[in-house]
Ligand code: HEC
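Below you'll find only one chain, the form predicted alone, shown as structure tokens.
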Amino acid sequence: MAAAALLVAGCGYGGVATASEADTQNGQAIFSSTCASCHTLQAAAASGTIGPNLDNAFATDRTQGYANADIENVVLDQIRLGSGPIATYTKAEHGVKGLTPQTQMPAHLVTGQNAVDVAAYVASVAGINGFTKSVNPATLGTDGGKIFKAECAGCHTLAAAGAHGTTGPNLDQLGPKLTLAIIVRQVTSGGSIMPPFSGKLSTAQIQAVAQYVKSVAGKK
């Protein structure tokens, strides 16, 4: 509904993009390294749950006949503007529902032509096959490597995992400085634009992914 409202409103913050100017292959590469850890997008094999599921955000718009160019400009606006503060309802306590702040998407996470390319790529594939479901973290078990690839690889570089994310620190470079306690604390509580994974991953899963990172960071 939010996506449709933006389409109808004809947003155009910072200028519009046209598909003829975009490189969707570059957009796909940047999406995989910068966006995939937060968003679900079936075509990119991305199953992030921190931000909106992009297939579900645009599936209805597809059935209503919105053009790729319209969707592209909505995505481009979102990249430029960021999400702003986000909050979700928590369980009721004493009969009153509370709000839990969630990690927001920073504005201009990708800029210039790269932003246009990412927007064009997302517009070319999002919702094409209808609604999709994100991967349930519980299905990952306590395989640290599998958890890392599903939840962390989009933001971090870690050669052993084949990860080349640039949003967060390069873990291979930090390798010698990383202790198990530091990694567990960071994964549990988050920091800066990194979301906390406490509540999303179990204590055992956090321990497993921390042990995995500690064992392979800087080893390749």
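Sequential numbering from 1, following the sequence displayed. Since the structure is predicted, the reported quantities are computational estimates derived from the model, not experimental observations.
Only in words, not in the display: the form predicted in complex with this ligand, which the text now covers.
Given that this ligand is not shown alongside this chain, does V75 nevertheless sit within 4.5 Å of it in the model of the complex, heavy atom to heavy atom?
Yes - in the model of the complex, heavy atoms of V75 and this ligand come within 4.5 Å of each other.
Does this ligand get within 4.5 angstroms of any non-hydrogen atom of A159 in the model of the complex?
No, A159 sits far enough from this ligand in the model of the complex that none of its heavy atoms falls within 4.5 Å.
Closest heavy atom of Q64 to this ligand in the model of the complex, within 4.5 Å or not?
Although this ligand is absent here, Q64 would stay clear of it in the model of the complex, with no heavy atoms inside 4.5 Å.
Since only the chain is shown here, I'm wondering whether G48 would be in contact with this ligand in the model of the complex (any heavy atom pair within 4.5 Å).
Close contact is absent here: in the model of the complex, G48 is far from this ligand, nothing within 4.5 Å, heavy atoms only.
Hey, with this ligand in the model of the complex, do T167, V187 and G191 all fall inside the 4.5 Å heavy atom range?
Yes: each residue has a heavy atom within 4.5 Å of the partner.
At a 4.5 angstroms cut-off on non-hydrogen atoms, which residues of 46-64 are near this ligand in the model of the complex? List them in order.
Heavy-atom contacts within 4.5 Å come from I50, G51, P52, L54, A57, F58.
A161 and L109: their C-alpha distance differs by 3 angstroms or more in the model of the complex. Do they come closer or move farther apart compared with the shown form?
Those two alpha carbons end up closer in the model of the complex.
Taking the shown form as the reference, report whether the CA atoms of A160 and L109 lie closer or farther apart in the model of the complex; the distance changes by 3 angstroms or more.
Relative to the shown form, the pair is closer.
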